[in-house]
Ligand code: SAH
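The chain that follows stands alone, in the form predicted on its own, written as structure tokens.
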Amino acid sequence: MILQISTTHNPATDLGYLLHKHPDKFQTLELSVGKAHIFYPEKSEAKTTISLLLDIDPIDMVRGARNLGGDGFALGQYVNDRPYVASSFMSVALSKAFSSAMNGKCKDKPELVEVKLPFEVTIAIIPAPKGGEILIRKLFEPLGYQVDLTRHQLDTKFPEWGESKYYTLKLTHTITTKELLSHLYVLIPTLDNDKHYFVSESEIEKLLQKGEGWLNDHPEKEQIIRRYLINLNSLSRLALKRLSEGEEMDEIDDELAEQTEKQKRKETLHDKRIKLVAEKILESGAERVLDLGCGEGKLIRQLLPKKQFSEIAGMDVSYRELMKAKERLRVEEMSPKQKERITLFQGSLTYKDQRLEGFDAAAVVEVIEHLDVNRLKAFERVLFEFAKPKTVVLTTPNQEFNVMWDTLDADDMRHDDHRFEWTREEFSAWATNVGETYNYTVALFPIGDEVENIGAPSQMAVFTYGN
């Protein structure tokens, strides 16, 4: 990945003084997972350009980084775009390469610190997986940048595959060097959903320091804070409080309360589903329970108060979701005895894993519809043949009910990431076949209010081994 900063300030070679990097020297900095190279592809009094090139070592990434593949991809740590796109790696490199300039210091020409220079910044390539061009513009344009974007195809040899989430970003602005670097430091990782470092309270300090003087007035400040802190609510809330310093907190509280109320209404069906799943697991008599695709840990939270369960484990393919689960379950605040009951780990539903063996019951709540159909057989073998819990409680949407949603047509799916959605007949046929193949009896249940000839919004199968 490469970032270039150009200026036509007269003389443009002043850029070398501002960034504390001599135009005639090629410099290399060591990073935790590779190197950063700093050089000048052009230098003259009319125009000077400095380049920051990151050379990320994929092997070091796998050995040392905490999260590399994003959500929903079991091999993400081995096959991913991290070495090739501007992400949290670039932010770290910026702070290390240009720390003096970022702190507003210039030893040889201190008068330049407050001078607004004409800058042109090019970043190739930057991903925007959730928000795309609209999000990029909403982040940079309120700060006065002229934004030019070029979106790239997935593969130029196969144009029918469509466009990718990757852009070449060009920013133009007349601004101080310190302001430019602080904007890049904060907003590049804001676009990055998968930070390579552990996000804790210390990240709030960095965010507020680099956002001083501009973040509080940014119309997207809440979104910037939440995305920068990977949507960890406790950290985001604390950062908003710190940033506002008591100002407009009533308005923020009202807005958060309204969002919470909307979320509660939205989750009514989900709450019914979680409650019913918990009831079925309790009825099974299970003591050791496994939640496959546990997400933020809502089912685990339902099960925790029940003394019947000696061990509750949650597995998810997304490290970020596991972090949210750990936060929302308040694992760090639990007593040692309570902590012993909970295990959270990263894994995939389609790969044999010894950690899944030995449980009395397993829950798979609204998960299988996110799998490709050709991976279902692997999932079946992993769960029903190898892990082989005594009870499996599995839920999935009822495709027939989609006509009841105002925003959906009959052929639409409820989520962009769903690979399929089954009718009641299709689900029953699949569940029956699984039961016959792996020696489980099957009972089917509706979830939510039923509509004649359509059924309920979701459907459940309870598999019991050997009966």
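Here the structure is a predicted model, which means the values were calculated and not measured. We number the residues from 1 along the sequence you see.
As for the form predicted together with S-adenosyl-L-homocysteine, it is not shown, yet the points below apply to it.
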{"item": "Listed residue that, although S-adenosyl-L-homocysteine is not shown, lies within 4.5 Å of it in the predicted complex (heavy atoms), from 224, 349, 313, 239", "value": "349"}
{"item": "Answer option from 383, 123, 274, 286, heavy atom within 4.5 Å of S-adenosyl-L-homocysteine in the predicted complex", "value": "274"}
{"item": "Contact of residue 192 with S-adenosyl-L-homocysteine in the predicted complex (heavy atom, 4.5 Å)", "value": "no"}
{"item": "Any non-hydrogen atom of residue 396 within 4.5 angstroms of S-adenosyl-L-homocysteine in the predicted complex", "value": "no"}
{"item": "Heavy atom of residue 295 within 4.5 Å of S-adenosyl-L-homocysteine in the predicted complex", "value": "yes"}
{"item": "4.5 angstroms heavy atom contact with S-adenosyl-L-homocysteine in the predicted complex for residue 218", "value": "no"}
{"item": "4.5 Å heavy atom contact with S-adenosyl-L-homocysteine in the predicted complex for all of 317, 367 and 371", "value": "yes"}
{"item": "Location of S-adenosyl-L-homocysteine contact in the predicted complex, chosen stretch of 149-157, 325-333, 341-349, 93-101 [non-hydrogen atom, 4.5 Å]", "value": "341-349"}
